[in-house]
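Presented below, as structure tokens, is a lone chain in the form predicted alone.
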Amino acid sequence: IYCGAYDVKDNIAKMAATMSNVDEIRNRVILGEFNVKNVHTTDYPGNYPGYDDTWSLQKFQKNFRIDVVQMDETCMEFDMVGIDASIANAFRRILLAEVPTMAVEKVFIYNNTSIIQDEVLAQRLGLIPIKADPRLFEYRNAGDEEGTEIDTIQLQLKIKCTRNHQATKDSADPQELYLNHMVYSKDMTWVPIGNQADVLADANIGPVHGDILLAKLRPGQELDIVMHCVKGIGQDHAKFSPVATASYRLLPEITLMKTVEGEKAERLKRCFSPGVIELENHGGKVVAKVMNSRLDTCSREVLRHDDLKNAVKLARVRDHFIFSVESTGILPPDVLVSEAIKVLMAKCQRFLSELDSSEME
């Protein structure tokens, strides 16, 4: 009887260890010295005995959340927790390529006597972010060359360089010798079409940044250009992309497997990004402690030290995504995120509609 009870306890302990290992495979990406383990999603229905992995709306609503960590006029960092990497990546790609903006599409050059070729200048103008809410405009119809007040913004660049007769005779500084010799994006002015002057009176349409250098002129040289801005998406051209960058990373998880003291603790601290490991004084001994693993870049520097690599376990939480969104300034980052969610919802609705129509056939 005693031996039987001992065997049962042993089996229970082994099962607990196995379940713990399975949880790690399902929920953590392990960073090793020469490889990265558990990189693939494996929590499919029926893949693990004893786990109910069937998709449930109630379970998803319970586990999913978005936490805004930091936000200003152009940048936003937030956590998206409880979602699969495929959905997170779809959201990232929508931010990059499918949230519409307004950008210069047609450039009508009436006069360009600068040293910059027409094609190069047109490309520079096209890449300038335009401060205009794309939600106020419609897509231009294919083949429509003129454009109307509902689908086009017209900008003008008309400037001529002249000599400054007030400059001193012995001056060699172009800033003093010439007037309008540096052409900046702030020189691009909005020319309302139709009723835009009334409807968009408070829109403050123009380049996001006024200090973008477009060309350098000398006396007698001039630019006379009209630009048409239309609505588009980054999938068609990078100039329509609303973000400078949109990326995500998995939340780092650092676990100390044993106590690290003294000189080893100081060396351990230097192996990680600032703020990840801090040193505390326990009974006159300096002891390492994990303070904020979120700050770590997962360089795995600690694994180069033979006496430290077994003292630390490096991992990433599989369903915890740290998003960083940097807007070009056309729209605030929180608006971009909400617009990306709307695009994703529209894609899902379109997919469901296609399924319904195929079933009816």
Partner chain sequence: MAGVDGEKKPVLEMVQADGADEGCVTFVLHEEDHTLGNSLRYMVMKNLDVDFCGYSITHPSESKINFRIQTRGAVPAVEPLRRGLTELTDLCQHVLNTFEKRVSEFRSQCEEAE
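Throughout, rigid core stands for the largest set of C-alpha atoms superposing within 1.5 Å between the two forms. Positions refer to the first chain, counted from 1. This is a predicted model, so every value here is computed, not measured.
This next part talks about the form predicted together with its partner chain, which is not shown.
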**Prompt:** Going by heavy atoms within 4.5 Å, which of 292 to 300, 329 to 337, 307 to 315, 27 to 35 lines up against its partner chain in the model of the complex?
**Reply:** 329 to 337
**Prompt:** Does its partner chain get within 4.5 angstroms of any non-hydrogen atom of residue 83 in the model of the complex?
**Reply:** yes
**Message:** Against its partner chain in the model of the complex, would residue 178 count as a contact residue? Criterion: heavy atoms within 4.5 Å.
**Reply:** no
**Prompt:** With a 4.5 Å heavy atom cut-off, would you call residue 127 a contact of its partner chain in the model of the complex?
**Reply:** no
**Asked** If you check in the model of the complex, is residue 98 within 4.5 Å of its partner chain, heavy atoms only?
**Response** yes
**Item:** in the model of the complex, the residue from 158, 216, 93, 163 that sits within 4.5 Å of its partner chain by heavy atoms
**Value:** 93
**Request:** Could you list the residues in 53 to 89 that come within 4.5 Å of its partner chain in the model of the complex, counting only heavy atoms and keeping sequence order?
**Result:** 53, 54, 55, 57, 60, 61, 64, 66, 67, 68, 69, 70, 71, 76, 78, 80, 83, 84, 86, 87
**Prompt:** Using the core for the fit, does the CA position of residue 353 change by 2 Å or more between this form and the one not shown?
**Reply:** yes
